[in-house]
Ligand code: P53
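Let's start with one chain on its own, the form predicted on its own, as structure tokens.
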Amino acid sequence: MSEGIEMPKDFLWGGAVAAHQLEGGWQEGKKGVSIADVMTAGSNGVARKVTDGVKDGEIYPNHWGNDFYHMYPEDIKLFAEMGLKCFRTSIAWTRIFPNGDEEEPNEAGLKFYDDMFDKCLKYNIQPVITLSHFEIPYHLVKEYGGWRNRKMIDFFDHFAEVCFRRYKDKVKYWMTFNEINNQIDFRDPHPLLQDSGLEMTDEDNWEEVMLQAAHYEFVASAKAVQLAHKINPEMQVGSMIAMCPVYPLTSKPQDIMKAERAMQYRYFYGDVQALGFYPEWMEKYRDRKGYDLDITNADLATIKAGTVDYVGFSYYMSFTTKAHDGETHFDFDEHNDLVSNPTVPKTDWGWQIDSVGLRYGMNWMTTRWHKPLFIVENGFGAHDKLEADKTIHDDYRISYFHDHILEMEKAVKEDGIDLIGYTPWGFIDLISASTGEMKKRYGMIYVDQDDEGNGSKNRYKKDSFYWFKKVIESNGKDLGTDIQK
């Protein structure tokens, strides 16, 4: 494997997690119930269920996470040993506002993040914080219908303002909504619930409700950007996009047009948040569909005035699509229009492995949005084996990261991409958002815990831990796969 390319001296190497997937302590410190707390365990091919409240006899993996809530001092010390420059996590909305609509915040929740951020800063690790990462207060879902309700804008911005004011001298980089564009797969209730707290019925037009919810989120995000800049002009607030490039299966013009529409549909969220307006095709699309959304002139002015400072994004895989016979509009239905790409391998969970797609996506976003980028998720879920001597040999993960980091470095050095940093996902084992499993492991730090929450919870360094430590020490120049423990 080839040598890497040294990155700019201020480049932020880090790691990424989310509060609901690792903290645990789901009722401690007066925390309220979030949508993540009513999601049961699933598995590969078995969807997680959302129950009407917490039910006896069900397994809720997010209740225990990996116990970071209690173990963060030791964990952050490990992060420092790895050499992290930043740590991307989220603030659990229900730790600050247990129901989401209170006037006064919960001091116990605020203090937890004060203490945790202080521990990071002690080791010169910058917190990179997402405000809404798949854990909307469950009360806001049941009482208001989630983001289909305009009142959510005020609830979110009250939460954002409290966080901005409390941590204005501790957190520079923020993001508003995690993977806001995942909900374009509107036929799947899972992302609709996680992204926007939407519980849909047969009477709903699911796409119309989703587009309305996304609009309210755009307004709330734009207001949050303006709030942050007013509170501390040094704060940077980004969007967070799930970047999965959509390729045409063949060079047929119809397949190419289908892929073009797929990219427009998946990423109009980025257009609104980075450019400050809806693209022309989306306005025509809504008219053709007969959608009458609550979009005011004041909303559009807010969106224009509150564009993000940078685009944070996740990258795990690319997609592929093909046109149907006789198509004229080339509308993209992600749930039904994706096809397998025969040219790339796949993970055990069926995710396409495509390192070049990362470089392609970075170029596509830069050309379209002209904003600095921040890779805030990239990773490889796999089955790891804890050996008798407590080692974990994950050469497959090292190979994955090697190839993706090299493409990232080419994008910066050869293509001129303005990139803030790179935080691989789940660099410490945690609960999978999609399946609720622990055995779908992403981390470079192994957590001794099974899918039912059993185990010592001891932390062990995988081979990838030592490899990534070397990458950081060399600022990306040494990507060799020899492991020096």
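Since the structure is predicted, the reported quantities are computational estimates derived from the model, not experimental observations. For every residue, the number given is its place in the sequence shown, counted from 1.
The next section is about a form of this same protein that is not shown, the form predicted in complex with the named molecule.
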| query | finding |
| --- | --- |
| Contact at Glu377, Trp425 and Ser432 by the named molecule in the predicted complex, all three, heavy atom at most 4.5 Å | yes |
| Contact stretch among 52 to 60, 435 to 443, 448 to 456, 26 to 34 - heavy atom within 4.5 Å of the named molecule in the predicted complex | 435 to 443 |
| Residue (of Ser318, Thr321, Thr89, Asn182) lying close to the named molecule in the predicted complex, criterion heavy atoms within 4.5 Å | Asn182 |
| Phe155, Phe134, Phe218, Trp174 - the one with a heavy atom within 4.5 Å of the named molecule in the predicted complex | Phe134 |
| Contact flag, Asn178 vs the named molecule in the predicted complex, heavy atom cut 4.5 Å | yes |
| The named molecule contact in the predicted complex: Tyr310, any heavy atom under 4.5 Å | no |
| Non-hydrogen atom contact Trp351 with the named molecule in the predicted complex at 4.5 angstroms | yes |
